[in-house]
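The data below hold one chain only, encoded as C-alpha coordinates and taken in the form predicted on its own.
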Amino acid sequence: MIKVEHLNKSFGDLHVLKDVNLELAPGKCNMIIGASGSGKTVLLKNLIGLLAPDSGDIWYGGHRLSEMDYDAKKSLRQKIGVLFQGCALFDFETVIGNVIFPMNFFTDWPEEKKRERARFCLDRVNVKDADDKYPSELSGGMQKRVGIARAIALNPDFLFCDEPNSGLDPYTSSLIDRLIHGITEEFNITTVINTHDMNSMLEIGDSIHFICGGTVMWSGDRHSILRTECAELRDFVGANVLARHVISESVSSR
(Lines give C-alpha, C1' and ligand atoms only; values in the text may rest on other atoms or scores of the structure.)
Protein backbone atom coordinates (compact mmCIF):
# COMPACT_ATOMS: atom_id res chain seq x y z
CA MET A 1 0.00 0.00 0.00
CA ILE A 2 1.06 3.59 -0.70
CA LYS A 3 0.07 6.03 2.00
CA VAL A 4 0.34 9.83 1.93
CA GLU A 5 0.23 11.80 5.16
CA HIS A 6 -0.05 15.60 5.50
CA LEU A 7 1.81 16.27 2.26
CA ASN A 8 2.59 19.88 1.35
CA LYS A 9 4.37 21.30 -1.68
CA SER A 10 4.89 24.92 -2.72
CA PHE A 11 6.68 26.70 -5.53
CA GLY A 12 7.58 30.12 -4.21
CA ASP A 13 4.36 31.72 -3.00
CA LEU A 14 2.20 29.16 -4.81
CA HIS A 15 0.97 26.50 -2.38
CA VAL A 16 0.11 23.61 -4.73
CA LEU A 17 -0.45 20.67 -2.35
CA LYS A 18 -2.11 21.40 0.98
CA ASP A 19 -2.13 18.76 3.69
CA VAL A 20 -2.83 15.89 1.29
CA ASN A 21 -3.85 12.60 2.93
CA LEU A 22 -4.78 9.44 1.03
CA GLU A 23 -4.27 5.69 0.80
CA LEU A 24 -3.81 3.94 -2.53
CA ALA A 25 -5.25 0.44 -2.58
CA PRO A 26 -2.88 -2.40 -3.55
CA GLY A 27 -3.67 -4.31 -6.73
CA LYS A 28 -6.30 -1.79 -7.82
CA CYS A 29 -6.74 1.08 -10.28
CA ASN A 30 -6.46 4.16 -8.07
CA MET A 31 -7.57 7.34 -9.80
CA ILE A 32 -6.59 10.86 -8.83
CA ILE A 33 -9.09 13.17 -10.50
CA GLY A 34 -9.47 16.92 -10.66
CA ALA A 35 -9.43 19.91 -12.97
CA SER A 36 -6.28 21.18 -14.66
CA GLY A 37 -4.14 23.01 -12.11
CA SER A 38 -5.62 21.16 -9.13
CA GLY A 39 -2.28 19.56 -8.18
CA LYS A 40 -2.67 16.08 -9.69
CA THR A 41 0.60 15.99 -11.61
CA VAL A 42 2.58 17.59 -8.78
CA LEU A 43 1.22 14.92 -6.45
CA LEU A 44 2.19 12.14 -8.87
CA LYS A 45 5.71 13.57 -9.21
CA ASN A 46 6.05 13.55 -5.42
CA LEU A 47 4.85 9.95 -5.28
CA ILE A 48 7.50 8.74 -7.72
CA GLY A 49 10.28 10.88 -6.28
CA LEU A 50 10.69 13.41 -9.10
CA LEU A 51 9.81 16.12 -6.59
CA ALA A 52 10.42 16.25 -2.85
CA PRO A 53 7.60 17.48 -0.59
CA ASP A 54 8.15 20.46 1.70
CA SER A 55 6.59 18.50 4.54
CA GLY A 56 4.62 15.33 5.14
CA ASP A 57 5.33 11.67 4.43
CA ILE A 58 4.95 9.14 1.62
CA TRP A 59 5.01 5.50 2.69
CA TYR A 60 5.62 2.48 0.50
CA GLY A 61 4.53 -0.32 2.78
CA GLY A 62 6.38 0.26 6.03
CA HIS A 63 9.10 2.39 4.42
CA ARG A 64 9.09 6.18 4.47
CA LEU A 65 10.30 7.56 1.12
CA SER A 66 12.11 10.53 2.67
CA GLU A 67 14.22 8.23 4.86
CA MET A 68 15.34 5.84 2.13
CA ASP A 69 19.03 5.91 1.24
CA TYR A 70 20.34 5.80 -2.34
CA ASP A 71 20.29 2.00 -2.60
CA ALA A 72 16.77 1.74 -1.16
CA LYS A 73 15.45 4.37 -3.57
CA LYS A 74 17.11 2.65 -6.51
CA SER A 75 15.53 -0.63 -5.45
CA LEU A 76 12.12 1.08 -5.19
CA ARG A 77 12.48 2.66 -8.64
CA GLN A 78 12.96 -0.81 -10.10
CA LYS A 79 9.50 -1.61 -8.77
CA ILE A 80 7.91 1.49 -10.35
CA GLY A 81 6.68 1.85 -13.93
CA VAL A 82 5.62 5.23 -15.32
CA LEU A 83 3.49 6.12 -18.34
CA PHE A 84 4.00 9.84 -18.95
CA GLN A 85 1.31 12.03 -20.52
CA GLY A 86 3.17 12.38 -23.80
CA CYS A 87 4.54 8.82 -23.62
CA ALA A 88 8.11 10.22 -23.50
CA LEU A 89 9.34 7.63 -25.97
CA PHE A 90 12.85 8.20 -27.26
CA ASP A 91 12.70 9.30 -30.90
CA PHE A 92 16.18 7.91 -31.57
CA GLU A 93 15.25 4.43 -30.31
CA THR A 94 13.18 1.78 -32.05
CA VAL A 95 10.08 0.35 -30.44
CA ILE A 96 11.96 -2.58 -28.95
CA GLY A 97 14.84 -0.29 -27.98
CA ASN A 98 12.44 1.88 -25.98
CA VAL A 99 11.09 -1.12 -24.07
CA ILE A 100 14.60 -2.48 -23.42
CA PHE A 101 15.84 0.91 -22.16
CA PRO A 102 14.91 0.49 -18.45
CA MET A 103 16.39 -3.01 -18.48
CA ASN A 104 19.72 -1.54 -19.63
CA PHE A 105 19.64 0.87 -16.71
CA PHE A 106 18.45 -1.38 -13.89
CA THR A 107 19.54 -4.92 -14.82
CA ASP A 108 22.57 -6.86 -15.95
CA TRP A 109 20.46 -9.30 -17.98
CA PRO A 110 21.98 -10.70 -21.17
CA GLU A 111 20.73 -9.16 -24.41
CA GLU A 112 18.71 -12.24 -25.31
CA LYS A 113 16.76 -12.08 -22.05
CA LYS A 114 16.10 -8.34 -22.49
CA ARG A 115 14.72 -8.85 -25.99
CA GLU A 116 12.61 -11.80 -24.83
CA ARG A 117 11.10 -9.72 -22.02
CA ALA A 118 10.54 -6.75 -24.36
CA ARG A 119 8.69 -8.91 -26.87
CA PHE A 120 6.55 -10.41 -24.09
CA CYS A 121 5.54 -6.89 -22.97
CA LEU A 122 4.84 -5.74 -26.52
CA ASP A 123 2.72 -8.83 -27.15
CA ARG A 124 0.80 -8.15 -23.93
CA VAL A 125 -0.18 -4.67 -25.15
CA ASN A 126 -0.95 -6.03 -28.63
CA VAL A 127 1.90 -4.34 -30.51
CA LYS A 128 2.87 -6.72 -33.30
CA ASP A 129 5.55 -6.56 -36.01
CA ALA A 130 6.79 -3.14 -34.89
CA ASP A 131 10.13 -3.95 -33.20
CA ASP A 132 12.22 -1.95 -35.67
CA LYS A 133 9.84 0.96 -36.17
CA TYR A 134 10.41 4.37 -34.59
CA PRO A 135 7.85 6.27 -32.48
CA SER A 136 7.21 8.77 -35.28
CA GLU A 137 5.94 5.89 -37.43
CA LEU A 138 3.25 4.94 -34.90
CA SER A 139 -0.23 6.31 -34.21
CA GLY A 140 -0.95 8.01 -30.89
CA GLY A 141 -2.70 4.92 -29.58
CA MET A 142 0.19 2.66 -30.56
CA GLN A 143 2.66 5.01 -28.90
CA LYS A 144 0.63 4.73 -25.69
CA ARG A 145 0.78 0.94 -25.94
CA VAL A 146 4.56 1.01 -26.37
CA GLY A 147 4.75 3.39 -23.39
CA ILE A 148 2.79 0.89 -21.30
CA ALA A 149 5.03 -1.96 -22.48
CA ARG A 150 8.08 -0.01 -21.36
CA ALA A 151 6.43 0.85 -18.04
CA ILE A 152 5.86 -2.85 -17.23
CA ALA A 153 9.21 -4.05 -18.60
CA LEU A 154 10.68 -4.62 -15.12
CA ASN A 155 7.50 -6.32 -13.84
CA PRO A 156 6.75 -3.44 -11.45
CA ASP A 157 4.72 -3.50 -8.26
CA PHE A 158 3.52 0.05 -8.94
CA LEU A 159 2.34 1.67 -12.19
CA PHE A 160 1.83 5.43 -12.46
CA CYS A 161 -0.05 6.89 -15.45
CA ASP A 162 -0.32 10.63 -16.09
CA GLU A 163 -3.37 11.40 -18.27
CA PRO A 164 -3.04 8.16 -20.29
CA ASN A 165 -5.94 9.12 -22.60
CA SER A 166 -4.65 12.57 -23.46
CA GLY A 167 -4.94 13.25 -27.19
CA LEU A 168 -6.79 10.00 -27.98
CA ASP A 169 -10.21 9.51 -29.56
CA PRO A 170 -12.96 7.97 -27.35
CA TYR A 171 -12.64 4.48 -28.87
CA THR A 172 -8.86 4.32 -28.43
CA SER A 173 -9.19 5.83 -24.95
CA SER A 174 -11.51 3.00 -23.93
CA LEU A 175 -9.05 0.42 -25.31
CA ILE A 176 -6.20 1.96 -23.30
CA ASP A 177 -8.39 2.03 -20.17
CA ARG A 178 -9.22 -1.66 -20.49
CA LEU A 179 -5.60 -2.50 -21.22
CA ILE A 180 -4.36 -0.73 -18.09
CA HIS A 181 -7.09 -2.30 -15.95
CA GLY A 182 -6.36 -5.76 -17.35
CA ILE A 183 -2.64 -5.43 -16.66
CA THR A 184 -3.40 -4.20 -13.13
CA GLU A 185 -5.49 -7.28 -12.38
CA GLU A 186 -3.29 -9.79 -14.22
CA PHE A 187 -0.04 -8.77 -12.55
CA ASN A 188 -1.53 -7.51 -9.25
CA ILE A 189 -0.03 -4.05 -9.74
CA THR A 190 -0.94 -1.03 -7.64
CA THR A 191 -1.88 1.42 -10.40
CA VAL A 192 -2.24 5.18 -9.92
CA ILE A 193 -3.85 7.19 -12.73
CA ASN A 194 -4.13 10.96 -13.02
CA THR A 195 -7.14 11.83 -15.17
CA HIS A 196 -10.10 14.13 -15.69
CA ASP A 197 -11.82 11.72 -18.09
CA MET A 198 -15.25 10.77 -16.78
CA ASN A 199 -15.47 7.64 -18.91
CA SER A 200 -12.22 6.35 -17.41
CA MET A 201 -13.44 7.01 -13.89
CA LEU A 202 -16.68 5.12 -14.42
CA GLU A 203 -15.11 2.26 -16.38
CA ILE A 204 -12.01 1.35 -14.36
CA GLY A 205 -11.93 3.49 -11.20
CA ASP A 206 -11.65 0.97 -8.37
CA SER A 207 -10.62 3.70 -5.94
CA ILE A 208 -11.04 7.40 -6.72
CA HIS A 209 -9.60 10.47 -5.00
CA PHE A 210 -10.84 13.94 -5.97
CA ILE A 211 -8.32 16.75 -5.54
CA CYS A 212 -9.42 20.38 -5.65
CA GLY A 213 -7.28 23.39 -4.82
CA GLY A 214 -4.44 21.11 -3.78
CA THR A 215 -6.49 19.18 -1.21
CA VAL A 216 -8.14 15.75 -1.38
CA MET A 217 -11.81 16.60 -0.86
CA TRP A 218 -13.44 13.22 -1.55
CA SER A 219 -12.50 9.54 -1.78
CA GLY A 220 -14.67 6.66 -2.94
CA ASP A 221 -15.27 4.37 -5.91
CA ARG A 222 -16.96 4.60 -9.31
CA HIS A 223 -20.24 3.33 -7.87
CA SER A 224 -20.55 6.17 -5.35
CA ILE A 225 -19.14 9.11 -7.29
CA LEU A 226 -22.48 10.04 -8.89
CA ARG A 227 -24.18 10.09 -5.47
CA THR A 228 -21.62 12.34 -3.81
CA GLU A 229 -22.66 15.17 -1.51
CA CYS A 230 -19.37 16.99 -2.15
CA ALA A 231 -20.42 20.17 -3.99
CA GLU A 232 -17.03 20.67 -5.63
CA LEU A 233 -17.04 17.12 -6.97
CA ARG A 234 -20.61 17.48 -8.26
CA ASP A 235 -19.54 20.63 -10.12
CA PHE A 236 -16.51 18.83 -11.54
CA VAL A 237 -18.56 15.84 -12.70
CA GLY A 238 -21.24 18.11 -14.17
CA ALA A 239 -18.69 20.17 -16.09
CA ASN A 240 -17.05 16.99 -17.39
CA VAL A 241 -20.36 15.56 -18.63
CA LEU A 242 -21.32 18.91 -20.21
CA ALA A 243 -17.97 19.15 -22.02
CA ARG A 244 -18.36 15.65 -23.47
CA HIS A 245 -21.91 16.50 -24.59
CA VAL A 246 -20.71 19.67 -26.36
CA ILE A 247 -17.92 17.76 -28.10
CA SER A 248 -20.34 14.99 -29.14
CA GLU A 249 -22.82 17.53 -30.54
CA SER A 250 -20.02 19.30 -32.43
CA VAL A 251 -18.79 16.05 -33.98
CA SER A 252 -22.29 14.85 -34.95
CA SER A 253 -23.11 18.16 -36.65
CA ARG A 254 -20.16 17.98 -39.04
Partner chain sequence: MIRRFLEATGSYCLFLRQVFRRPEKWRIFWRQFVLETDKLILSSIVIVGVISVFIGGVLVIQTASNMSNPMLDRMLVGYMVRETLVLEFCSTVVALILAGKMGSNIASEIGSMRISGQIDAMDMMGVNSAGFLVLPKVMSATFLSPLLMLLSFALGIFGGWCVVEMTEIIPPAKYLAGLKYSYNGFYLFYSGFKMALFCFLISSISSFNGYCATGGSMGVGASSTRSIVVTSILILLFDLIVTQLMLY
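Positions refer to the first chain, counted from 1. Definition used throughout: the rigid core is the maximal C-alpha set that superposes within 1.5 Å between two forms. The model shown is predicted, which means the values in this text are computed figures rather than measured ones.
Keep in mind that the form predicted together with its partner chain is not shown, yet the notes after this line are about it.
Contact with its partner chain in the predicted complex, defined as any heavy atom within 4.5 Å, is confined among 164-172, 179-187, 95-103, 136-144 to 95-103.
Contact annotation: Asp91 falls within 4.5 Å of its partner chain in the predicted complex, judged by heavy atom distances. Within 4.5 Å of any heavy atom of its partner chain in the predicted complex lies no heavy atom of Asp129.
Although the partner is absent here, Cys212 lies well away from its partner chain in the predicted complex, with no heavy atom inside 4.5 Å. Its partner chain is not drawn, but in the predicted complex it has a heavy atom within 4.5 Å of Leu50.
Although its partner chain is not shown here, in the predicted complex the stretch 61-97 places heavy atoms of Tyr70, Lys74, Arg77, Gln78, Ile80, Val82, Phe84, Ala88, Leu89, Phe90, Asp91, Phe92, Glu93 within 4.5 Å of it, in sequence order.
After superposing the rigid core, the Cα of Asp71 is displaced by less than 2 Å between this form and the one not shown. Fitting the two forms on the rigid core leaves the C-alpha of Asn155 displaced by under 2 angstroms between this form and the one not shown.
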